[in-house]
Structures are given as C-alpha cells and as structure tokens.
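Below sits a lone chain in structure tokens, taken as the form predicted alone.
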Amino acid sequence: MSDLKISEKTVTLVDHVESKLFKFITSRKLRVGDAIPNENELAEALGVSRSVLREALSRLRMLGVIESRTRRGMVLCEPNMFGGFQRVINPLILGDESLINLLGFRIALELGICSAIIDNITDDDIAELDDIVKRGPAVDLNFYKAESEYEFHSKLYEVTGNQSIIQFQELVYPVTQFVHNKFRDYFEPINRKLIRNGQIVTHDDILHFIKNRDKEGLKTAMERHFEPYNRFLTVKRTVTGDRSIAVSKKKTKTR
C-alpha cells in the first residue's frame, strides 16, 4: 500500500486522505462487501495519525461508502447516490441561484420522463391519478395545495419505475415549494396572463393525454404546465445575470 503515502498538501490533510482512500478503493477494484484494511494498516500506509484517518473514514461512512461489521471490520458498501444531497439540499441554506438551478433541473427531468410515463402507465396508475386530481383540484390562479402537487407529480415519477428519479423528486420537492412560496409575487401575474389567454394547463389536462397514451400530447401539455416556472426562470436568470455583470464592472472600476 505504498501508493497511499501522502506527498502533497495543497488541500487539508483530511481532504487528501479521503481522496487517497477513494483512489485506493478504485485502484484495487474492490467490490461491495469486500474488506478494507484496518485503521492501523491504513494510517501507516498513509503516513498520518489515526485521528486524521478516522475523520476521513467518518466522511466515507456518512456517504455510505463503508461500514463496520462485527468480526469483519470495515467493508465496502454501495452508497445511496443522493445520500450526500439529502444533507445539503435545504432551501433555507441555499442561495437564489442554486434554488433556481434546481428548479430548472426538476423541470428538465420531468419533461424528459414523458415517454417513460406513457410506456409504463397502467390502468391502475391512471385510476390513482384520477383520484388524486379529483381530490386536489387547482385553486386560486391555478395554484395547488402542497399535498396535491406532491401526490400528482410523485405518482408520475413512480410510474417510470426509476428509483433514482423517484429519490430525486423526494429531494427537490421541498425546494420547488419553497421557490413557489418565496417568489409568489412573480408567479401570480404570470398565471393571471396565462389564464386570461386560455394557456394554463392543469393536472386534469395532463391526465387527459396520459389516458390517451399520447406521448407528444403529454410532452406539450407538460411544457405548457411548467410555462409559469419557465417564464419565472427567464426573468430571474436575467436579473441574476445583470447583477453579475454589475458586480464585475464595479470590481473593474475599483481596480
């Protein structure tokens, strides 16, 4: 394990040890369930104290990469891909730009699963969606109660059968709701205009195309359903971009 030796210190020592441990796992082509050398062996190979090594190992445990098992010591595990995200995707600690980017990501993903929804939808799924729509109709400017919005879109993710997509929905939903509530003043005039022009698309409209197994119709309906968000994103990105330019010019003048 001589290749584990720490030689550079351009980052914190714990960061470097963590990186070396990942390289060790990949270079040895370890598989899930394989044993990892004990702390004494790793600390000696890395040339660091056990306290530093333990901090690095605790990070890997938090990510679900390793775990300790009775009589076997540390073993390699398959981590939850979104485990790290769960700890940091908190709308209360994210800046506006990050919130906006996550909202855009969610929209792009949902538009991308339209074909999978039609390919996998069953009569039972349609019956469940129908019940969700009837129990949670749109209210006030086509806004939905939080539970209705969550139920409907979560069911669409579930229909795809893709567990990563389902997990992502669980993570990003609170962000979407937070953005919706925080920037409600932006959404209200957009929704009013769309309603006035007969361009608003409801959950019931989306369900219509799902019932007909119409992929293209569903994708178009979803695009129009997210139109308020897309218009909001365009406005906010423009504002954010203008602010960035203004800051850049100010720094240039200062120099």
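Take the two forms, find the largest set of C-alpha atoms that superpose within 1.5 Å, and that set is the rigid core. Keep in mind that what you see is a predicted model, and the values were worked out from it rather than measured. Residue positions are given as counts along the sequence shown, with the first one as 1.
Missing here is the form predicted together with the DNA; even so, the following discussion is about that form.
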**OP:** Go through R61, R28, R224, H208 and name the one with a heavy atom inside 4.5 Å of the DNA in the predicted bound form.
**Re:** R61
Subject >> Selected contact from L129, V179, C114, M74, since only one has a non-hydrogen atom within 4.5 angstroms of the DNA in the predicted bound form >> reply: M74
Subject >> Which of 182 to 190, 213 to 221, 226 to 234, 47 to 55 lines the interface with the DNA in the predicted bound form (heavy atom within 4.5 Å) >> reply: 47 to 55
**OP:** Please state whether every one of the three residues V14, N38 and R69 places a non-hydrogen atom within 4.5 angstroms of the DNA in the predicted bound form.
**Re:** yes
Subject >> Large Cα move at R184 between the shown form and the other one, threshold 2 Å, rigid core >> reply: no
Original post:
Superposing on the rigid core, does the Cα of K29 end up 2 Å or more away between the shown form and the other one?
Top reply: no
